[in-house]
Every structure is written in structure tokens, then in C-alpha cells.
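Only one chain is shown below, in C-alpha cells, and it's the form predicted on its own.
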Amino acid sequence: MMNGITIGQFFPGNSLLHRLDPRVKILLTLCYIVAVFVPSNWYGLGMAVAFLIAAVLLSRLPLKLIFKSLKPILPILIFTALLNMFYVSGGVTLWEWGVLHLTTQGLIAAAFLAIRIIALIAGSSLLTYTTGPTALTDALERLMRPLKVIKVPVHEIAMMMTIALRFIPTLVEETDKIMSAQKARGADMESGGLFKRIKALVPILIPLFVSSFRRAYELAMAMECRCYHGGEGRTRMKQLHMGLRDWLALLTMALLIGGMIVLNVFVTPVL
């Protein structure tokens, strides 16, 4: 079942991370994505993981939500780790068979990359976990406001991105319901070869596409009935203001990236 997937969901709260300006949280997320790929040694990666743990604790979210966010990427994580494990050479050879060889350097590379991917996904998930769809839309629009000079439809782009993100949990729930309905009718989706399993997905994908188009049409009608005509002349009930905690958060991220760069210069890289 897919009801354990939490990507795109918002969990209300009153933690420090929830109270941060949404623009700052978007910038912090983008900077953290870059920061995860900056370190070339265990010390820098440890700083990234420590920052992530501190952010999770400040968000006051259950740890099981963070683990659920990693569930969809487990196949990719395992596949990437195996590639690095058996195809990265160097160090002491532990096992060898044909073109496959397991070395100590391969194990280190697999572990390093796996931790990096886990930190990347978990850190990115905190943005949607602690930021509501409306606040996310306003923040994206404010950050992309300079693009209005070159006639970019900033509001429409921000609205589309937020709606797409918002409907991920809805589509996951709808898929789970369709799968349960098909299994109740005797559909077998878990046995047989690869092609048989792909063929078994057809009765799921067709109703899912129909349901998605129906939801999109209903949403468009609802927005037209409320006289929505884009961002022109639109006002906001809640204005975005940056406070001391927002500037401290940005300063902490700058210090984190700066520390990683210094460690890259003075510490021997892992890979």
C-alpha cells in the first residue's frame, strides 16, 4: 500500500521551524541541497547530518515522518549504493567475481553517497512538512518577483508549483484506493514476472488519470467561481516579514557551507 508516503504533506505546528518566514525556509532548503554536495570528507558530511538532526528536533515532528519520506527512494538508494559498492575500485579487494569486485573504497563510496542522498531527501521534506500551501505560494511569488521585469508570469508559476505539490498526497491516496478496489475484485498485482506486473498496472493508471483530470476540472471551476484571475490586483491577508530568527537561520547556513569549504581544503577527501 502507498498510504505511508508523506511527500508534499503539511503538518501544522508551532515549532521554531514552523514560525520561520517561508521565504527563508525555501532559501535554506536550496542552500542545504547545495551544501549536501559540497563536502568531500566525513567531517563535512557529519556537519550536514548534524544540521539536519538539529532542524528535525526544532521542527518537533515525529521521527517516523522523516523515515516515511525516505520510503519512496529506497529502491534508488539501494541501486546507487550497489553500483558504487561493486564498481568503485581502490583499497583492499574483499571479493571478486568476473567484472564485479568489492573493495574497501567501494564500501566507503557507497556509504558516503547513501548518507548524502538520505540527508538530501530528509532535509527537502522538512520544507513541505512545516510550510502550508498558501504560505509556500506567497513565498515563491515573492522570491521570483524580480522576474516580472522580463514579463515572466510569476504568480501563475508559483500557483502551479504549489498545486502540483499539494496534490501529491491526494494522488497517492487515490492510487491506494484504486489498488484496494482492484485487489478486492481479484486482481493479482504482486505475482508473476516484470511484464505481468506492468500489465497489471493498467487497470490502476486509467482510473487514476480519469480521476486526476476530473479533480483538475473541478479545481478550475471552483477558482473561476471565486473570480480568480491570476495575481493582478491580488492582496494578501498575511504579510511576510523577516525577523531576527530568520536572519540567524540564514547566518547558520552560511557558516555551515563556509565550514564545509574550509574542511575540503584542509582534510583529505573520501572519494
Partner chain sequence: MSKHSPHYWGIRMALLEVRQLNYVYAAGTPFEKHALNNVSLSVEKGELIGVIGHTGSGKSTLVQHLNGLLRPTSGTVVLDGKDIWENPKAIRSVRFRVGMVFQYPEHQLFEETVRRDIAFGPRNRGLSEEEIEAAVKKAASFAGLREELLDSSPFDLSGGQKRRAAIAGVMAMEPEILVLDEPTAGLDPRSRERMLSRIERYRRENGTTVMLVSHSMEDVAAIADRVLVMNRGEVAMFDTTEAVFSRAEELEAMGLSVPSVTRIFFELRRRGYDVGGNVYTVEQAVARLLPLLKRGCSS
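Just so we're on the same page, rigid core means the largest C-alpha set that superposes within 1.5 Å between forms. This is a predicted model, so every value here is computed, not measured. Positions refer to the first chain, counted from 1.
Another form, the form predicted in complex with its partner chain, is not on view; read the next lines as being about it.
Only one of 214, 229, 238, 64 lies close to its partner chain in the model of the complex, with a heavy atom inside 4.5 Å, and it is 214. Distance criterion of 4.5 Å from any heavy atom to its partner chain in the model of the complex singles out 187 from the list 82, 187, 76, 94. Screening 85 to 93, 175 to 183, 141 to 149, 115 to 123 for residues having heavy atoms within 4.5 Å of its partner chain in the model of the complex returns a single hit, 175 to 183. Looking at residue 57, you'd find every heavy atom of it more than 4.5 angstroms from its partner chain in the model of the complex. Within this chain, residue 242 is remote from the site of its partner chain in the model of the complex, having no heavy atom within 4.5 Å. The shortest heavy atom separation between residue 210 and its partner chain in the model of the complex is within 4.5 Å. Although the partner is absent here, residue 221 lies well away from its partner chain in the model of the complex, with no heavy atom inside 4.5 Å. Taking the rigid core as fixed, one finds a CA shift for residue 200 of 2 Å or more between the shown form and the other one. Core-superposed comparison between the shown form and the other one: the Cα of residue 64 travels less than 2 Å. If you fit the rigid core between the shown form and the other one, you'll see the Cα of residue 37 move by less than 2 angstroms.
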